[in-house]
Every structure is written in C-alpha cells, then in structure tokens.
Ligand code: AGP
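Given as structure tokens, the chain that follows is alone and in the form predicted on its own.
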C-alpha cells in the first residue's frame, strides 16, 4: 500500500527519492512527497495525485543535500490532499516523518497532545508520531523515537529526519515491512525491494520492534529498549530489469505473457526427473505425513488459489482441508488438533491480515506452512515451513502470473504429499508430472488467441454487469475471473458456483447480461451445459470457455474461447488465462488505469 523510501549518501538526492517512489507506485497511492535536509535545513514538498505532480512541483528547483525521505500514500485516515500527504511535519522542532501502517490509539494520543499545545493540521493518524517525537526530543533523536514507540499501538514502519541531527535517518518497524539497502558510502531505506534493487542487492530485513540508525558510512540496529544487535545481510539475485515493461503497453499484459516462462521455471526448480523437491520447505516429511487437517487462509486472488487447493488436497492427498478468508479467520474459535497445519498464501509475504492470522495460529500452537513469492518477507521469516511460488516481481496490482504460480506450486505440493502418503502411485505421479510439463505450451496456444479475445472485449465492454459461473475446480476460477474484471475495469462482476444460479442469481439474467461460462470437459460438464441452457433460456449472452474439439457446446455459446484438453485438476491453470486477457482488453477499451486501479494497492499492509 503506502510506500517509503529514504537515502543517506553522496548521490543526487532528488533523483534517488523520486525514482524510488516511481518504483513503488505499482503498490497503489493517491499522493506523494519528499523531505530533505540540506545545509542543516529541513525542506519538504508534497502533493495529491501521481508522482508526476510532485515532479512538476520540483521542476525549477535545485535540490542539494544527502539525507532525505519520501512517501507514496494510500489513504486510510483523511482524504487524499496536500495536508494529509506525507511527510508529516512538526514545524517548531523541524522534524519530518513518513509512515506506513495504522496507529490504533491515535485519537487518545491526539487529544493528549492537543491539550499540551501541539497543533495538528492533518486528519491522519500518522501526525501523532511526529508530534510525539517532538515532545520527547531533547538531546537525542534516537531516544525520542524510542519513547514515542512506547506510546504507539497498532502497526507502523516509519522514517524520521530532523534538523537537530542532520546526517542520519532513524527508522522503526512494527507490523509493516521495512528494508535497509547496504551500499558503499551510502545506504537506502524502503518498504519494498523494488525501490532498493537498482542501487544495491545487499539488503537487511527489519524485524518488529527493530530500530535502525542509518548514516552514509554505517547502519546500526537495536531492539526497542534493548541493546544494539547484528543483522544478517541478504543478497538479492534478481535485477531491476525484471520489473520493466519490456515493450508491452502495460505491466499486466507483460505479466500475462510471462506465465509460460514462469511455469517452466517452477518446474525446473521443483521437478528432478520423476521426483518433486522443495528445497526451502523446512518441514520434515514425517510432519507432513501425520497431517490430518489443513486450514488454508489467504486474501483475494490468493484465497481463490486456496479454494482450488482444497479440491486437490482432499481428492489426492486425502487430507481434510478448510479455506478461510484471512480477515475472517482470526475471529474464529479455532479448535486445535495436534496434527493440524495452517497454510498461508501471500504474494508479497507482507499481507497484514494473513500475517495476523499466522501469529494468531502460532499462539494456539499450530504449525504454519506458507506459500509466498518474496523471499525474506515477514511471512517467510515467521513461518515454520515455506514454499516459494517463484513468479518473480509482479508489478501490476491485479495479480496474474503469481496466481498461476500459486496454482502450479500448490498442485506440485499436493502431488508431493500424496506420494508421501501413498494416496497416489508412482505411476500416477509420473503421469501427472508429465501432463503438467505440457501446460506452458498450452498457455502459449491460448495466448495466440489474444486478438479474438480482444474482439470479444470490444463487443461487451459497454456492459456494466457480468456474471462468471463454473463448477467444481472451476468455481474458484469463476470467482477469480470476476475479481479481475472488477479490479481493473470497475465493472460490477460476480462469480458463482453454476449450480447456485437457480437459488437467486438467475433473477439477474436478461438480454443485457453477459455470462462467462467456464465449461471445459470434466465430470461436471453435463451439469454445466444445463446451467448454460438456463442462461440462454433467459436471453443472457454467453461467453463460453470450452475445450478444443468440443463442438456440441457451440450451439449454446454467443462467443467461445478454446483451451487445450487437460485433466480436470489442471483446467484452472488454463481457464484463467482467457479471463485475464478479457478483463485486460475491456479495461483498456474503457481507458482505465490497468496497472494501478483506483483505490487498490498491490501489497495490503494494513488490516
């Protein structure tokens, strides 16, 4: 969501901060700003809107200095305007802060500070942080930060600069991600690797209650109220060009077309001959074999991947599997079984609701196995077991390649566990691996239909409502297809289990309603045909995703998109591709901001 950048060093400060903010812009934001110290004096600039508005503000200025912080804000408290944008300032003490997270007790803190004469200009919860630091600041900025942290309840990652100590940035973390990039005679601060990686591949991940004093020659770490500590430096293996558009009009389109390569990469990392291996797993085979229940919890697209995994785990591994939305899971009265495992799925590894559920589960003595894309993320570090989805950096807010990577990785884990438990034979394992290896070529074939899918988008883009229906393993696909369309085109779309149409949603169907029908050949095929006929009988427009060679379905389809024939358990990997393209081309036709949809953020780091 919100993004933080910071720098202490010898480079052009303006360019480092603005480029860093631009590289964080995919996370979603509605205002931006920077603060610097130059010749011992604090200056700041901030504005609502996109980063180019901030650049225009700075256009005719020559900014000198070597210490600065910047921020992209996604509004929680207070509307997006100049006053609420970050940095937040305490003018009398010449202090500036940028903050990600939510301060839950800000109202009581604000009332107390107001009674003491502090002036508040914004409606943000973040402003209490800068005034608390000012309240405690006497001779030592670090001490003031520590005392302020003791007053704060909620989640935060924040960076502070002050005229009183003009050669450093002090940062602190609790519940929101924060990374320090280690350079030579310079150091970097960011909430996201994407802003650091063009400058250095050596990073330190901060843990909760960590404080860092960042100077050009050194970075010192300590725990709140504790001693100074040593932190491990991690070396990042991917480079900044991985997150470039490479000639595509949008990141989303690039990432859709990367999916065959991503799957080939996952297969090469995970399959050795006829065997599946997870090098990062950290859980023993004995623990996994004893598992009697998986409780999957995730958000948004990752939740849809979890729903697919439920079908797979119960069908092949024969393990009872539940799936919860993370924001609801933590409010359950969880009944702990000695051999239960909580499974978390998150692209960023920083999703606040998912992370909160992990901590809640561990407090009740559950083991936690997580599927994440970002190595070194908080969920990675706090989980008992880990499987990386290996989709690489995903910039488009609407997840595409990471969803497919999650599906493939969850499928491989299902096969791995099923073989451990002898619920599938070695011959079945070889057959299923062999079929999976053909999936990248099948996706290439679907992508070749992009122009015909664009033509379907051109036909239906003016409709303001869509239904998506599917059965069995493709009921979650219907949910995912509807979510993609909602996210990037702002069209109201709903996914349903096709059998539920007659229990209410069928009342919506008329000649103005397009219905995307996911109908590959599978055990539920005949029932899907009946559901499609129900739509046609009420004059609904049917866009059917069907298997190559299935001609009998053509009489029920206004438009048809073909996928290659595969076993049912692999169909969700293929059926989502045309829905991604359909959503993309509809959004482009409507002139929507495909990569940064309004109100959305790539990594949701607040609850």
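None of these values were measured; they are calculated from a predicted model. Numbering follows the first chain given and starts at 1.
Separately, the form predicted together with the named molecule exists; it is not shown, and the next lines address it.
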query: Among the candidates 398, 519, 467, 305, the residue which, in the predicted bound form, approaches the named molecule to within 4.5 Å (heavy atoms); finding: 398
query: Contact residue in the predicted bound form, chosen from 487, 192, 258, 210 - any heavy atom within 4.5 Å of the named molecule; finding: 487
query: Interface segment, criterion being heavy atoms within 4.5 Å of the named molecule in the predicted bound form, picked from 342-350, 305-313, 97-105, 225-233; finding: 342-350
query: 4.5 Å heavy atom contact, residue 300 and the named molecule in the predicted bound form; finding: yes
query: Touches the named molecule in the predicted bound form: residue 483 (any heavy atom, 4.5 Å); finding: yes
